[in-house]
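Here you get one chain, nothing else, as structure tokens; it is the form predicted on its own.
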Amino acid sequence: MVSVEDLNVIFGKKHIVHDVSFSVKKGEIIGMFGISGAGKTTVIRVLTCQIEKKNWNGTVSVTGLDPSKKANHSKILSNIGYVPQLELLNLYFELTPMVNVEVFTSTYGMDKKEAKKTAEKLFKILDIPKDTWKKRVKKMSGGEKKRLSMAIGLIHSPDVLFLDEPTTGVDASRRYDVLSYLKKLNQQLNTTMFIITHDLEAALICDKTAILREGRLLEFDTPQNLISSLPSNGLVARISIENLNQKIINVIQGYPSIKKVLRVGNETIEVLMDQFDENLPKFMKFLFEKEYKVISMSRDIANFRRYFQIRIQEEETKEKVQTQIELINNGGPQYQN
């Protein structure tokens, strides 16, 4: 459905995307994660024909078409849908949901009766209350507007739907509802989806996750495979220690089987170690011998948020080491921890 090979995006002297490659099958949900400036939106802009070919190189295919050729742009755009971060960008608040549908489907030359039929199907899937269908959009709740925006993006039955920060502006308690609706749409319509987001919880519904940093693709795999690549297949010990401080964390980090220590609260850490089941009792004994006041301990599987945090930290550490090596090679000051 989408294929990207050795994609580079360059504006003048700025090399924004570096050698990005991935492929996406029909019906998959892809989560694109990374902090601001990671390159997520730039990659999507190439896929949606928003960047001229003179600014990028590589081999790209979207629904079987090459976006480097201008002659393909209109066909690609008719094959894809887009849901912006802000509903203001694709909804007319003074019009009703059904009139919004008429406005947007006229762009695609769709028959009005067919468009209405499709809209009603989508509204029902998305639980948009029937009593709102003929009221002005501005009277709808935030969640209803978000779902209407999704429906508009799908009204022409695109092969691929791009969603920019779909949980932005939604109450924390409702984010899972939005994600659930996206999964429901995916399952019922078999639409390929790209979710571009900072919200790491979105990985819960993704078939594949792409992690980007500074224009480079660090990982592209299932969330489960990425988590399983951690020590002991992602098993973690969550430990609360009274008066936890950096000195204690440094001592724990130095324990032989410990691979990673993450501070996740004022007095709580998550610890990853080799041979978890064998080494956990020994490690706990070590803590008691050190006379640390252990408040609680539980075992769990790391989530995608933890994997993302670890992966980004690894890249930051590599960059610091590389910078230090370059300084030494150039006769500069040595790094002091």
Partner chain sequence: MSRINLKNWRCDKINRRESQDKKRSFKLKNGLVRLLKQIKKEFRLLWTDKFNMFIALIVPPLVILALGLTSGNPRATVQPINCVVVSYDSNVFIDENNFTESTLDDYNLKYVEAVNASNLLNLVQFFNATEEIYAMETARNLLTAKQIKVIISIPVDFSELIEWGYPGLIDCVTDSSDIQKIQVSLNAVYDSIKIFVFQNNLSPQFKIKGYEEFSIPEGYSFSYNYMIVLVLSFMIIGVGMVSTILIVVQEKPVARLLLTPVKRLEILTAKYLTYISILIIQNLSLISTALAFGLYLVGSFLDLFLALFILGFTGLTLGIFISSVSKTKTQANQLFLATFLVLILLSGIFIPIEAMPIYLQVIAYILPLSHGSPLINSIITKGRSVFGFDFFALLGVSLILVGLSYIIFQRRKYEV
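Positions refer to the first chain, counted from 1. None of these values were measured; they are calculated from a predicted model.
Omitted here: the form predicted in complex with the partner chain. The next part is about that form.
Undergrad: Of the listed stretches (187-195, 137-145, 104-112, 263-271), which one has a non-hydrogen atom within 4.5 Å of the partner chain in the predicted bound form?
TA: After filtering at 4.5 Å, what remains is 104-112.
Undergrad: Look up in the predicted bound form whether residue 77 has a non-hydrogen atom within 4.5 angstroms of the partner chain, and give yes or no.
TA: Answer yes; at least one heavy atom of residue 77 falls within 4.5 Å of the partner chain in the predicted bound form.
Undergrad: Find out whether any non-hydrogen atom of residue 166 is located within 4.5 angstroms of the partner chain in the predicted bound form, and reply yes or no.
TA: Contact with the partner chain, no.
Undergrad: Although the partner isn't part of this model, could you tell me whether residue 160 comes within 4.5 Å of the partner chain in the predicted bound form, counting any heavy atom of the residue?
TA: Close contact is absent here: in the predicted bound form, residue 160 is far from the partner chain, nothing within 4.5 Å, heavy atoms only.
Undergrad: Residue 89 versus the partner chain, in the predicted bound form: is there a non-hydrogen atom within 4.5 Å?
TA: Although the partner chain is absent here, residue 89 would touch it in the predicted bound form, with heavy atoms inside 4.5 Å.
Undergrad: Pick from 45, 305, 53, 311: which residue has any heavy atom within 4.5 angstroms of the partner chain in the predicted bound form?
TA: Of the candidates 45, 305, 53, 311, 45 is the one lying within 4.5 Å of the partner chain in the predicted bound form.
Undergrad: Out of 244, 152, 236, 252, which one falls within 4.5 Å of the partner chain in the predicted bound form, going by heavy atoms?
TA: Selected residue: 152.
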